[in-house]
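Heads up, the chain below is alone and in the form predicted alone; it's given as structure tokens.
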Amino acid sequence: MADVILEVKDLKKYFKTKSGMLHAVDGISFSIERGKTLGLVGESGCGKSTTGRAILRLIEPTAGQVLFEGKDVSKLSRHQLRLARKDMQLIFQDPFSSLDPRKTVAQLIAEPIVVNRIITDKKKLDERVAELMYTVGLAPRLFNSYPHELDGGRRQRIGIARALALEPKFIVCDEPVSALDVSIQAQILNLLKELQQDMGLTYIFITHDLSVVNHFSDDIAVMYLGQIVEKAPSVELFDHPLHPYTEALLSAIPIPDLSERRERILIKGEITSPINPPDECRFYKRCNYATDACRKNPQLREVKPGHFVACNRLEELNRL
């Protein structure tokens, strides 16, 4: 039996606006096995980052359950949540704005340890900080440096060291390489992969870069307007995409070989408003295969072992 570390059940997060309720995350469910990576992909505004923050209760979910090692995170008291957060950490997207510019590298990395009173002895604290810096590839000479003196890659390594400081089991990586150039991206991705192998970490890897998530994730969930429209093992999703939206996303990945041509699937039509959306397929107005049958909101269902899709016309279109 699979060792599931995180299970999300019908998670919802709505925001009140002048025009109505904005359905940022609207009833998503998934699970992650211990030591695995779930890639969460989709275009900007689809609810990826909101999902990660709702799981960690950095924002309070509107409804649903988040079970971490069998415990419902949404029902934990303030004290219990503080203890649970040692096992659940976050790597932020922007490696500069997420760091206090008034603190040195050592102070930034030590902060979670000090706040949680893990180590109180100054000498031992400095030793632990030096150990974390070595783990993430930060040179000892940067111990007393400030974030503005460093490049993006080193700043992100500070963010990773902070996330590792409490020895977590699960980390939400919220687009951790999107603000970095390509060569630095590869270094950070390799570092995260090595840390996962060495420490048995479990990741949710949030990104809009499909070429990155393909090599980094064990499973991939594709989000569209607050809902998961397809979830499958990485290789299966790239080889046999079933949802029209997933197909269109994959067709947009640049191919470095000029001799190879791929038909680009253009998504046209009006985007459904996430404010009080109708009870129909969110992709209905932009789908090339849409009919009146799509007026019914499709449920995410398993159509192959481990392959889940939310589409009303899969069988009719012979997409299986």
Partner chain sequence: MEEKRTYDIAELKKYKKRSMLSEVWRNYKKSPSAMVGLVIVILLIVITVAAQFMYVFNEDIVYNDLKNRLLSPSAEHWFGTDQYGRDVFVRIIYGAKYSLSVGIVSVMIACGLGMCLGLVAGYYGGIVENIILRFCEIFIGIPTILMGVALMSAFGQGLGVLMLAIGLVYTPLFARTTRAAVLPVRDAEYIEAAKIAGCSDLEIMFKHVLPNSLSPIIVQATMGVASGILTASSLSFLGLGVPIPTPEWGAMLSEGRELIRDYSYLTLFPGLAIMTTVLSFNLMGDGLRDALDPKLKQ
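Here the structure is a predicted model, which means the values were calculated and not measured. Positions refer to the first chain, counted from 1.
Keep in mind that the form predicted in complex with its partner chain is not shown, yet the notes after this line are about it.
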| Can you check whether residue 119 is within 4.5 Å of its partner chain in the model of the complex, heavy atom basis? | no
| message | Given that its partner chain is not shown alongside this chain, does residue 238 nevertheless sit within 4.5 Å of it in the model of the complex, heavy atom to heavy atom? | response | no
| Applying a 4.5 Å heavy atom distance criterion, does residue 58 contact its partner chain in the model of the complex? | yes
| said: Check residue 112 for me: does it contact its partner chain in the model of the complex (non-hydrogen atoms, 4.5 angstroms)? | reply: yes
| said: At 4.5 Å between heavy atoms, only one of the stretches 204 to 212, 104 to 112, 229 to 237, 245 to 253 reaches its partner chain in the model of the complex; which one is it? | reply: 104 to 112
| query | Would its partner chain be touched by all three of 88, 97 and 130 in the model of the complex, meaning a heavy atom each within 4.5 Å? | reply | yes
| task | Just give me the single entry in 179, 76, 186, 166 that has a non-hydrogen atom within 4.5 angstroms of its partner chain in the model of the complex. | result | 166
